[in-house]
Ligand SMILES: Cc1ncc(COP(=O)(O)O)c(C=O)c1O
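Only one chain is included here, represented as structure tokens and corresponding to the form predicted on its own.
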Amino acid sequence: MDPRNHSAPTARHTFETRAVHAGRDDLAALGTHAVPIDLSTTYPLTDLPGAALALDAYAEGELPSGSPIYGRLTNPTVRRFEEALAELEGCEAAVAFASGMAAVTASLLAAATRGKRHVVAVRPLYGTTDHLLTSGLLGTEVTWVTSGGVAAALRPETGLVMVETPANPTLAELDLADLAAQAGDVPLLVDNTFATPVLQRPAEFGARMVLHSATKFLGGHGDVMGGVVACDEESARVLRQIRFATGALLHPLAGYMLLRGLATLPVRVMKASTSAGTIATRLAAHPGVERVHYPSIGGALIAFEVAGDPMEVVAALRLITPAVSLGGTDSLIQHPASLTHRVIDDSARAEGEIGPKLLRLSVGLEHEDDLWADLAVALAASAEGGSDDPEAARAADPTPKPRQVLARAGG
């Protein structure tokens, strides 16, 4: 078969199909099946005048054809990931960075290039994002508002409205269409890390910038770090200019691993979401749990507040790993007030409803019954003031008696 006649998938195909093929549509024509990894840090320049013009274009945030010139400017493997993520988010372009926080930083600097250093934001956000905004390290001034107060907080110098939904760590949900309407001409940036484009595509509701910590669900295996912003081409050019000058380009091997992660993203997210929904319902019926937060759109994250000591719950777990991060194949649990959101002050945690008994669970691909058995024993150990031998309790029936209804995020 002539590879040039190979019928590439199109936008008419389903999201699941495009997740497999996005960024790979030209491989058959190239005579290969696996995505090539380009690890070059520099490239031969046979046309020096042309390379000089190309360098000018890179500095302006453009993506000229021809040689990449230098590995800090762009990379063919990374560009495949960017093109794929932009397609899945329904945006014109995407710009990838070395970490999620590098992507946040570039987004704030992009607003500053227009003389817009004021940001309107809704809590909670990821703890380090909150810290970066509040600290003023980038010369940014932030006004924190409720979701209904965005329009009233806008100023002539406002360059960005920043929100996260479902939010980290409480899973509170926001009305993106309403927020976009309130923001008006000010770009709305939505952190879509928790939902992923499988469950939510913010650009469809008017968001101009969609941010991901690609380290999480996009990679999906806890072994790659990166960040990415999907956006319109105008915003992408500014982000590339900043990346050109600051050197925060995603590593090409990471680009390859993230593109590979996209292929299984729908399968992983939907499997974990099914398990998380079941576990959230069981948690809501457990006498050792005071409140459960689970998004109406689903997802792999559950936030719940325990009646006992959350540290004792975590210490008694054996299958679920106590660790920060999320979105991997294995389940992780952490205590936001002392870890991911420790860097913000008490009043900020209170405003974001990040209480001392809140735990955040990222459900992986293990069987939901195994995960529930681990949680039930840990909750029982906490109710007893801590167990010297939690393994002894695992022979007991972990099924709780129904007690309360599930509290949705923000409820």
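Numbering starts at 1 and runs along the sequence shown. Only a predicted model underlies this, so the values are computations on that prediction, with no experimental measurement involved.
The same protein also exists as the form predicted in complex with the ligand; that form is not shown, yet it is the one meant from here on.
Though the ligand is absent from this view, in the model of the complex it lies within 4.5 Å of a heavy atom of just one residue from E89, D191, D130, E82, which is D191. Of the listed positions (R243, H293, K216, R123), a single one reaches within 4.5 angstroms of the ligand by any non-hydrogen atom in the model of the complex, namely K216. Shown here without its partner, the chain carries G100, N168 and G226, all of which come within 4.5 Å of the ligand in the model of the complex through at least one heavy atom.
Note on the interface: of 191-199, 177-185, 311-319, 148-156, the segment with non-hydrogen atoms within 4.5 angstroms of the ligand in the model of the complex is 191-199. Counting a residue when any of its non-hydrogen atoms is within 4.5 Å of the ligand in the model of the complex, there are no hits in 48-63.
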